[in-house]
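You are given structure tokens for the same protein chain in two forms, set apart as structure 1 and structure 2.
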Structure 1
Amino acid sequence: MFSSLGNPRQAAAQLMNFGLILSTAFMMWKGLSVITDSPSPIVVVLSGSMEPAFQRGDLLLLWNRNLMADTSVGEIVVYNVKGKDIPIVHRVVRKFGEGPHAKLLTKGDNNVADDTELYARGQDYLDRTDIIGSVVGYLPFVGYVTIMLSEHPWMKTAMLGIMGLVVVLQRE
């Protein structure tokens, strides 16, 4: 089982395969980012604020290339709040103005009030530049893996260790 570790050429090949897998995944992510014009083309729903439309753990596919139409009322968008790192998935409930200078007000379907409390200090509405993308599709509950890995850091370490062992110990 550990005999492959004794051969430096085979160990180097396995290490290069592991690097190739990582770089391929990174390039696919960046390619998807360019195609969708979104810094984060796939996001996971982290709370129940959009129930019943989306459940916690749903994986959302985003699109940010609104070439022909503006963001409209009723559209579900993902946005970043200035100074915070967590994307928020909510529905546009009001729109003031047209074009790239339109102001948007959002609200979670399962929330009582709109999102003005979530916005940055001094910000009453979202600008179009705050939006990461509009939701165009979803995969139910697929994102629970991400939630489990972020809530239990030891699982992330164990998973990376197992993946590393599989790469090192695989036979070709």
Structure 2
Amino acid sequence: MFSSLGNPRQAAAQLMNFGLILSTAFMMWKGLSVITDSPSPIVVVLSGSMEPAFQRGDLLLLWNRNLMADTSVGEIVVYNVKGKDIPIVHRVVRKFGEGPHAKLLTKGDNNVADDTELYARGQDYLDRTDIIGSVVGYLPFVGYVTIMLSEHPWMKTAMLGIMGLVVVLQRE
């Protein structure tokens, strides 16, 4: 493939194909994000606080639009604690008020206490806008790869190395 990069147009075309693959994948992710109105429409369950419903490593699909009804007690929601980047998947157990600034209290099914300890200092309830979506579907176990990659960063390097090797060797 590389030997036929004699003329610049062909090189540009090859580069464009590669770039379009990346950008199409990215745009599909962003498209899903816009449709669900969630900054991260697919999350991985990181802890066992929602067992037996969700296990560590499950992949969750989120929906963040309240078209038919408000987010209500009993729904499983995902939120980020203010200032931290970790998504927490818990169930809504109390609700006060309505609309985009309703106050919600959450608790993990497998936890003893509710989430008041987890919220930021001085925060007793979640605002509806803190929530990045309610769970509408899930794929068991698929997300475990992501967990392994983030907990063992050397695996990322190993994976990239292997992929690079495969690409280089294929040229021969």
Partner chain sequence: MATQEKITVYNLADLKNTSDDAIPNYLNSLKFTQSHRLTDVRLSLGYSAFVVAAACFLWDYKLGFESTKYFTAGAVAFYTLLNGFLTFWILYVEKGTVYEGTSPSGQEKIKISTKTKKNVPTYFVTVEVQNVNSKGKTTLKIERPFNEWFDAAGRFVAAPFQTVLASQVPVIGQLDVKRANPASAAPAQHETQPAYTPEMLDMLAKANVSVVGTTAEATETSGADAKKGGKRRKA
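Numbering runs along the sequence of structure 1, starting at 1. This is a predicted model, so every value here is computed, not measured. Take the two forms, find the largest set of C-alpha atoms that superpose within 1.5 Å, and that set is the rigid core.
Colleague: Choose between structure 1 and structure 2: indicate the form predicted on its own.
Modeller: Between the two, the form predicted on its own is shown as structure 1, not structure 2.
Colleague: Comparing between the two structures on the rigid core: C-alpha of residue 17 shifted by 2 Å or more?
Modeller: Indeed, residue 17 is displaced by 2 Å or more.
Colleague: Tell me whether residue 148 is among the residues that move between the two structures (Cα shift of 2 angstroms or more, core superposed).
Modeller: No, because once the rigid core is superposed, the C-alpha of residue 148 moves less than 2 Å between the two structures.
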